[in-house]
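In structure tokens, one chain follows: the form predicted alone.
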């Protein structure tokens, strides 16, 4: 069953220097119990896509257009009050930077309990019990004592686990995980990924996993979407994407990281950088960095076309 359907989503920021098309006409869907991986370099629009769906883009300067259907609700037409009821309960997000996401003047127990009280119809004595259960679930030792700690008492990895506990506290239908394991060591990272898998299995939670770590994507995702300069350039099942990338950018991402399933060889970085959104190249945005660029790539932007079997690619070579 389709839980989230996004059509022609555009998120543009109006600045003194011009309009920044951070997300420029993306279409995708997420099914119940599915994990969708969203990959690309920093600055490609991955986090803005998630924040747009969550209703967390300030207006102004941001302006969102298109369609966002979540569980048959048109999110863009909900009032702020209705959106607050939805956000944190039906859909939740694990933010990338825990220090900026956690309130420094409230204890972690208060912050998790607040989300539970706001959205769940449970007795007060059960709120603390749920809070302790959540902290225990994400691997925080001595959760009863940690309830009274402030964010600055915790390491970066512990703060990240608190954010994950907050996001999971209401058992959301849809979870956006923005680099959820970045600040964690490999042992805790494995535990968090197993936790997300368990949530998906036990509660049929759909997960949109935003990550630079292609190993995490290979481990967790059912489908993968590759994003570049505010647009989707390729979509495929995780197996198809890793074994047969169709877009030169996807190929470049895979060549720039070590692979256990390939012979050891020198890594090949992608030349250049992500373009300035205020001065995007004509034609395909990737053509200045693409080793296969044709004349048409410099003149005309390709469309995202379907190749069947759940594969889509935006490239003149295909």
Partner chain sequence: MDASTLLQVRDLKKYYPIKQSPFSRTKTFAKAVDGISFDILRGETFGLVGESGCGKSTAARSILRLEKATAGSVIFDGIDIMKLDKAEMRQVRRELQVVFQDPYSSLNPRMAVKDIVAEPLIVHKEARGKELEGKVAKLLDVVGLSPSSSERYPHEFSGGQRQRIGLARALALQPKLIILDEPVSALDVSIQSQIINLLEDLQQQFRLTYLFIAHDLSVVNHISNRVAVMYLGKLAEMAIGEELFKDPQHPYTQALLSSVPLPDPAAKRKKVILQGNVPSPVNPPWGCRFHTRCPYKMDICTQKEPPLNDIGGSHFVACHLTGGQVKQ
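Residue numbers count along the first chain shown, from 1. Just so we're on the same page, rigid core means the largest C-alpha set that superposes within 1.5 Å between forms. Keep in mind it's a predicted model, so treat the numbers as computed, not measured.
Absent from the display: the form predicted in complex with its partner chain. The rest refers to it.
Heavy atoms of residue 215 reach within 4.5 Å of its partner chain in the predicted bound form, making it an interface residue.
Among heavy atoms of residue 97, none comes within 4.5 Å of its partner chain in the predicted bound form. Proximity of residue 253 to its partner chain in the predicted bound form falls within the 4.5 Å heavy atom cutoff.
Mapping the unseen interface onto this chain, residue 258 counts among the residues with a heavy atom inside 4.5 Å of its partner chain in the predicted bound form. 42 is the sole member of 42, 282, 65, 59 with a non-hydrogen atom lying within 4.5 angstroms of its partner chain in the predicted bound form. In summary, among the residues 107, 120, 136, 189, the only one with a non-hydrogen atom within 4.5 Å of its partner chain in the predicted bound form is 189. Stretch 191-199 is the contacting one of 81-89, 191-199, 109-117, 166-174, since its residues have non-hydrogen atoms within 4.5 Å of its partner chain in the predicted bound form.
Heavy atoms closer than or equal to 4.5 Å to its partner chain in the predicted bound form belong, across 286-312, to one residue only: 289. The Cα position of residue 78 differs by less than 2 Å between this form and the one not shown after fitting on the rigid core.
Once both forms are overlaid on the rigid core, the distance between the two CA positions of residue 189 between this form and the one not shown is 2 angstroms or more.
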